[in-house]
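Have a look below at one chain only, the form predicted on its own, in structure tokens format.
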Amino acid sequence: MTRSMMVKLAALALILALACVPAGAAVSGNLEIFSWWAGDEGPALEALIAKYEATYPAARVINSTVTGGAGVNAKAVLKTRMLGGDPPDTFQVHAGQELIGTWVVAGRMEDLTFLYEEEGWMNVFPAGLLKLLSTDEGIWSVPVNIHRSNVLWYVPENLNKWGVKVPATWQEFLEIAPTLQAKGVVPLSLGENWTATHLWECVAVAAMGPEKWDQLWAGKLSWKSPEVIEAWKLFGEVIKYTNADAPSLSWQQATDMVVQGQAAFNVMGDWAAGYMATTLKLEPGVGFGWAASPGTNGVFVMLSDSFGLPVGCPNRENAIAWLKMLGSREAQDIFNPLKGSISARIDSDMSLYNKYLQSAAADWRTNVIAGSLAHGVVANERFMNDFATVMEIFLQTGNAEAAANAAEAVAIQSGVITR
């Protein structure tokens, strides 16, 4: 056998050997994942980490979780790291302006169009969601779920006991609230500041309608318009029937008030369904019930958790492997039934999802879609941070006109709208 032939055979043997190595074997070393999924939301993330480490046994996941509802604390830590040149390998971020209006415009994220093309994701994620993830320059994150923010939660048995029905409008809620108070029941449980913003967006969408809500973020409707002022006034009436200790409560504790019969209703995203079904072991439709928040029937106020690829992250290839896994049908159908959300893909196996999530998936396909403010779809980080101050002022003063004027100034200063 000639030396040339031996070299060729050796090369062929190497190629065959590499072909037999599991795909995951090429990924090794660390992968730092930055998120705010902890405590009751932790099991869903832990399931993804377990899948990643099983697929890539030579890799080690560093779970850098910063606790705090809606990522309020995590975003502050992330900002310090990103601006300090110490990005995590990948981080959780709400799809939409929270990512694009903050880190994409700053040139801190890699374009993931190549990944979408390689994995065939252009055909499995809805076109509207792809638009939310994209600019003219690229696609910037991989969505792992779809959440609905405008959900009213209650315990059916308790409502029957108290002799009240689920309110279809906020006016109906205001009519039954005194009856509940007379029975020693908090009509609507509320938590810390961001949950007030969450409630405000649901009230505003009800008061204004989804079309004018969109116009507000497109700069076609002034924050000082009568429609917005009326939304603030309605919100002011609603929060009169909330608990006085709201600023000291997490969203889980506000949910607990409903479960324990201390409160009749709570408006929260459907991660509350994940909490009640996964952590509290309640059966959807029996242990807890749900409806679109008052005045928003037929509207799906959406948000999506996603992960991106920061420029200069230490373990880029490992992060890409994580993103590939996140976008897969298998990973999404592992994560979402635990999280209390639906898959971002259109081909998920709905037999794996509970009764609530099946209803949410049906609404996602048929309802009018609106973007969430509290969860980063329609506004950038600067607006969201400053709007928290606007909310605090309103909670203290109840002045609708002042809140509308302040929100207009914040929208202009943050670049959400231009004048």
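Each residue number is its position in the shown sequence, starting from 1. Note that the structure is a prediction, hence the values are computed from the model and not measured.
From this point on, the text means the form predicted in complex with a small molecule, which you will not see here.
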field: Heavy atom within 4.5 Å of the small molecule in the predicted complex - the one residue of 275, 322, 251, 103 that qualifies
entry: 251
task: Scan 356, 383, 56, 37 and let me know which has any heavy atom within 4.5 Å of the small molecule in the predicted complex.
output: 37
- prompt: the small molecule in the predicted complex: within 4.5 Å of a heavy atom of each of 201, 290 and 363?
  reply: no
task: Name the stretch, out of 172-180, 208-216, 159-167, 89-97, where some heavy atom lies within 4.5 Å of the small molecule in the predicted complex.
output: 89-97
- request: Verify the contact flag for residue 371: yes if a non-hydrogen atom of it lies within 4.5 Å of a non-hydrogen atom of the small molecule in the predicted complex, no if not.
  value: no
query: Just to confirm, residue 300 within 4.5 Å of the small molecule in the predicted complex by heavy atoms?
result: no
query: Counting only non-hydrogen atoms and a 4.5 angstroms cut-off, does residue 194 reach the small molecule in the predicted complex?
result: yes
is_contact(residue 345, the small molecule) in the predicted complex, heavy atom dist at most 4.5 Å: no
